[in-house]
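Just the one chain here, the form predicted alone, laid out as structure tokens.
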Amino acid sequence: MAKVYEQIADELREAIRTGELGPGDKLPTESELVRKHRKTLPTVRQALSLLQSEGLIEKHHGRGSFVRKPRKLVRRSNDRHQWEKNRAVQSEAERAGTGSTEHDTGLEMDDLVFRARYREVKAPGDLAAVFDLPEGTDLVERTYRTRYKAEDAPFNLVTSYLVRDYVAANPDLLDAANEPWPGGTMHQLRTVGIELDRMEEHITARPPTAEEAEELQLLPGTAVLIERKVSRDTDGRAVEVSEIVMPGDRTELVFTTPLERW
């Protein structure tokens, strides 16, 4: 038999499922629910906490509980890398027309808010090992945040590293003011004669840090997916490493693997 708080949650869940309560609608106040169900405040709060943990509602301090609006899905497939490589050799006008986020979300450029920050750092041991370079090698660290205009949280948290000596021949690649760069990293590398041959993607999952949960606006209990992407050139060198933190409640990873015929 369902517990009392589960019964209250069931009633609210059904109202959301049928559309009686739509995305963005405010739920009855805790006091109203106490009076309606003739139960204690802790019981009502348990019911609301259950719905929040399911991602159905969100609580705003001082304002109440609201039906959660579905967040725009990000679908990342491994065919995006060839799409990006093909795009890197297009004209500037063609490259400027769309980007990887638009590819993954189906949104238009005017739907997005983008920001980038660059700084020069020394390679710590783990990154130096990936690049097969001495610890302390000069890197360009680039952080990217892109969000849907209709939402407050970015789609993911991206940190990208380039070896400074590999890209210094084009000073434009050292300045965040040139972002967003039409054609992205593949075209940036092309300007200094680097062609990518393959991408290595390592994906794990873990609970978010407090900072990640706050920036990505994650509900309690939501995990994050962590991708370390290593881009290698035609000589096998690692020329770019990206670390991407993706919210588990709005990210779908799609992998299609062609198989050779017998």
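Worth saying up front: this structure is predicted, and the values here are computed from it rather than measured. Don't overthink the numbering: it's just position in the shown sequence, from 1.
The form predicted in complex with a further copy of the same chain exists for this protein as well; it is not shown, and the discussion that follows is about that form.
Non-hydrogen atom within 4.5 Å of a further copy of the same chain in the model of the complex for each of M186, P208 and G221: Looking in the model of the complex, the three residues M186, P208 and G221 all sit within 4.5 Å of a further copy of the same chain (heavy atoms).
Option touching a further copy of the same chain, based on a heavy atom within 4.5 Å in the model of the complex, out of V121, V89, V192, A96: That would be V89.
Partner proximity in the model of the complex: E214 to a further copy of the same chain, non-hydrogen atom cutoff 4.5 Å: Looking in the model of the complex, residue contacts with a further copy of the same chain do not include E214, since no heavy atom lies within 4.5 Å.
Non-hydrogen atom contact T251 with a further copy of the same chain in the model of the complex at 4.5 angstroms: Yes, T251 sits close enough to a further copy of the same chain in the model of the complex that at least one of its heavy atoms falls within 4.5 Å.
In the model of the complex, E201 touching a further copy of the same chain (heavy atom, 4.5 Å): Answer yes; at least one heavy atom of E201 falls within 4.5 Å of a further copy of the same chain in the model of the complex.
Touches a further copy of the same chain in the model of the complex: Q82 (any heavy atom, 4.5 Å): Close contact exists here: in the model of the complex, Q82 approaches a further copy of the same chain to within 4.5 Å, heavy atoms only.
Contact set, 233-262 vs a further copy of the same chain in the model of the complex - heavy atom within 4.5 angstroms: Read in sequence order, the residues that approach a further copy of the same chain (within 4.5 Å, in the model of the complex) are T234, G248, D249, T251, E252, L253, V254, F255, T256, T257, P258, L259, E260, R261, W262.
Closer or farther: C-alpha pair K72/G184 in the model of the complex, relative to this form, given a change of 3 Å or more: Farther apart in the model of the complex, by 3 Å or more.
In the model of the complex, shift in Cα separation for R147 relative to G55, 3 Å or more: Farther, not closer.
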